[in-house]
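Coming up, as structure tokens: structure 1 and structure 2, two forms of one and the same protein chain.
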Structure 1
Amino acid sequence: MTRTDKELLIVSALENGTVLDHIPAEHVFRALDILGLKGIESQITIGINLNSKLHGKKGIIKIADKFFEDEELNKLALLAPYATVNIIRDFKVVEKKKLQIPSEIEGIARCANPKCITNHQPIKTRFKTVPKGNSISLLCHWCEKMTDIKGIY
């Protein structure tokens, strides 16, 4: 058994499904929300405050019998830029991938500018993602102001 496989087993073994690893511990519940996992039937196991070599305390989410489209998963990239996705079949990791930060996001975050048209009229928010240090910022398509991702969750 490789090291990674062992780590994934710390919480509990998963026969088939998706394991989301390296989610910042404080964002685990918000991640469930963004993926629309509240109220689904699948068995979900979460671990919080596990030790991560690279990024402090991490969280892990295991969802049994559930597989996601990349597009759905990439919505998490803002919150958990270092997250990895493990696809499990028959207790084995058959695929491992990193999240891709989408170049544009629509309808997720709110614009931080109180004078932005999207905060006053029924208009969908739309942002370009812009790298900023080891995080990213959101550039509003409408008002051209930056929104810090720390502020939006």
Structure 2
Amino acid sequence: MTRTDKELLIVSALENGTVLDHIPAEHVFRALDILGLKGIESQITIGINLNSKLHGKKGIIKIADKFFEDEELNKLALLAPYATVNIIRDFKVVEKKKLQIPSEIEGIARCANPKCITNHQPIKTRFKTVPKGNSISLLCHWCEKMTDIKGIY
């Protein structure tokens, strides 16, 4: 079945900026938080529950005139391990990269231990990432308790 131009929604092409693709649909707004994108002046286009051949449903975020350091982007790997990053310049993809899980994360997840000091004092959380098969666990720097990544988001 082919579609006519009237049946397709067209999102304007990005002249310069970053496209984050293959984000799990349920984590798109959390991704905006992690990257500190709420309230910035750049144009942001968000797509949620888009069809994905590989993952069923996906999300996408397009940020005009914004480029990130790898360290910033890799924080997303905890909630979007299969996300891809496309760097756009002059309407062309000039670089494509996959996210890598950082060895340590700070301030983006809560410790699951109710007795942890980070849940009672204004102390920034800090975790070491620990690969466990196809999943990741987080080791709290402060209380040394292991937290399953699925329980954090």
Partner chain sequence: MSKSLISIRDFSKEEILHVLEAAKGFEQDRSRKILDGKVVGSLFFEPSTRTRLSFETAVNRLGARVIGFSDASNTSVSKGETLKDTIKMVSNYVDLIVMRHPLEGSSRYASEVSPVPVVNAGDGANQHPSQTLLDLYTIMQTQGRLDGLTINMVGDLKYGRTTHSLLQAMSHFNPTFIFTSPEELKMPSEYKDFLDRKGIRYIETDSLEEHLNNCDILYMTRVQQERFTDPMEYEKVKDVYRLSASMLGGVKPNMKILHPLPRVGEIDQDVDDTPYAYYFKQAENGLYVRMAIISYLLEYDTNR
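Throughout, residue numbering runs from 1 along the sequence of structure 1. Being a predicted model, the structure only gives us computed values, none of them experimental. In this text, rigid core is short for the largest set of C-alphas that superpose within 1.5 Å between two forms.
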Which of these two chains, shown alone, is the form predicted alone?
2
Two rigid parts between structures 1 and 2; V94 and V28 together?
yes
Turn angle in degrees for the lesser rigid part against the greater between structures 1 and 2 comes out at 17
Core-superposed CA shift of P122 between structures 1 and 2, in Å, is 5.8
